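The chain that follows stands alone, in the form predicted alone, written as C-alpha cells.
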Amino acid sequence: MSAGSVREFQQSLADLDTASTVVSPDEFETELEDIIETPAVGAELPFDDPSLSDLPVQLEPSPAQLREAVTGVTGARMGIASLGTVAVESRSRGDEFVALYPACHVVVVRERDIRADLSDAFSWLRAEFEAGRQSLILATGPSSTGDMGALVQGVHGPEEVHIVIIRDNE
C-alpha cells in the first residue's frame, strides 16, 4: 500500500473525529503504551507480529475486567482508506466484546492491509469468505446515534477510537 493511501486513510479518520498514529514496527510497543489508558483489555492481534503480550493489556478478559476497562485493544484485518473504516474479525478471543465495551477502542492495522476503496475491500472480503473467515465487524469512527434527536457518541459502543497504523518494513 502506498504512503498516499495511508495519508488518505488518516484524513478519512480525521474527518470522523478519530485519532490515528503511524508507527514503525520498532516504535509499536512504546507508542501503544502511550496511547492506552489503563485498565486495558485486548484480544491478541490477528497477525504474527507484533504482539500485545508485553503491554499492560489484559488478554482474554473476564466479564468484570471488560466492565472496568477504559481501553480495549484489537487488531483489524483491513482498513478502507477512502472511508476510514476498519474490519475487526469476530474471533473466540473476544475481539467483538473488547471493541464494543470499553469507552476507548484502539485498533491496530498494518499498512499493507489498507485498501484504497470499497471496491478493493469487497475483493478482499470475497477472498476472506472463501478462506472460511466469515465474521467481521466493519467499524467507522466512534459509536454514534441520532435516535433521540441530536447526534450522541458512545451510546452503543466506544466513545473514542484511535487507529494505530504499523508501517511496512522498507
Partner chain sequence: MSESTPTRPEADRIRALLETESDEIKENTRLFNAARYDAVEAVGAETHEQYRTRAREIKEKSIERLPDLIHRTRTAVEANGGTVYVADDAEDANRYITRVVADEGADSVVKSKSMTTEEIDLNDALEADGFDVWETDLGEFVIQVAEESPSHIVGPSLHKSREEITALFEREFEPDEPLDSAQKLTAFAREFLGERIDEADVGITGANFVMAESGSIALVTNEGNARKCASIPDTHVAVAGIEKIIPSIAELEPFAGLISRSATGQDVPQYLSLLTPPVDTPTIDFDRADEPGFGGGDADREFHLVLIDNGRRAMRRDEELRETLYCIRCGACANSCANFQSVGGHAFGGETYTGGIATGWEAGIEGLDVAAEFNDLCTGCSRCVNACPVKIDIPWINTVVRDRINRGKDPGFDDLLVDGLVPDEEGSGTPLRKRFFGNFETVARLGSATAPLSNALASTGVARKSMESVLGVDARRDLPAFERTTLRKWARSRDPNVEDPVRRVVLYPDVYTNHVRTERGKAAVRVLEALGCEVVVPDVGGSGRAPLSQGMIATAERKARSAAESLLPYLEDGYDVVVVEPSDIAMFRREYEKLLPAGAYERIDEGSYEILEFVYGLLENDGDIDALPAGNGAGIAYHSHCQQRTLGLESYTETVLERLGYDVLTSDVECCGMAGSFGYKSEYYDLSMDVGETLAEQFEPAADERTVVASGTSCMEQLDSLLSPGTRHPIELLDPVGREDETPNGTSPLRKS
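Residue numbers count along the first chain shown, from 1. Model, not experiment: these values are computed from the prediction.
Unshown form predicted together with its partner chain; subsequent notes refer to it.
Of the heavy atoms in T71, none are within 4.5 Å of its partner chain in the predicted complex. At a distance threshold of 4.5 angstroms between non-hydrogen atoms, R112 is out of contact with its partner chain in the predicted complex. The closest heavy atom approach of A81 to its partner chain in the predicted complex falls outside 4.5 Å. Proximity of Y101 to its partner chain in the predicted complex: non-hydrogen atoms within 4.5 Å are present. The candidate spot formed by S135, L138 and T145 is fully in contact with its partner chain in the predicted complex: every one of the three has a heavy atom within 4.5 Å. Note on the partner interface in the predicted complex: the residue among S51, T30, S62, T38 having a heavy atom within 4.5 angstroms of its partner chain is S62.
Annotation for 66 to 83: interface residues with its partner chain in the predicted complex are L66, R67, L83 [heavy atom within 4.5 Å].
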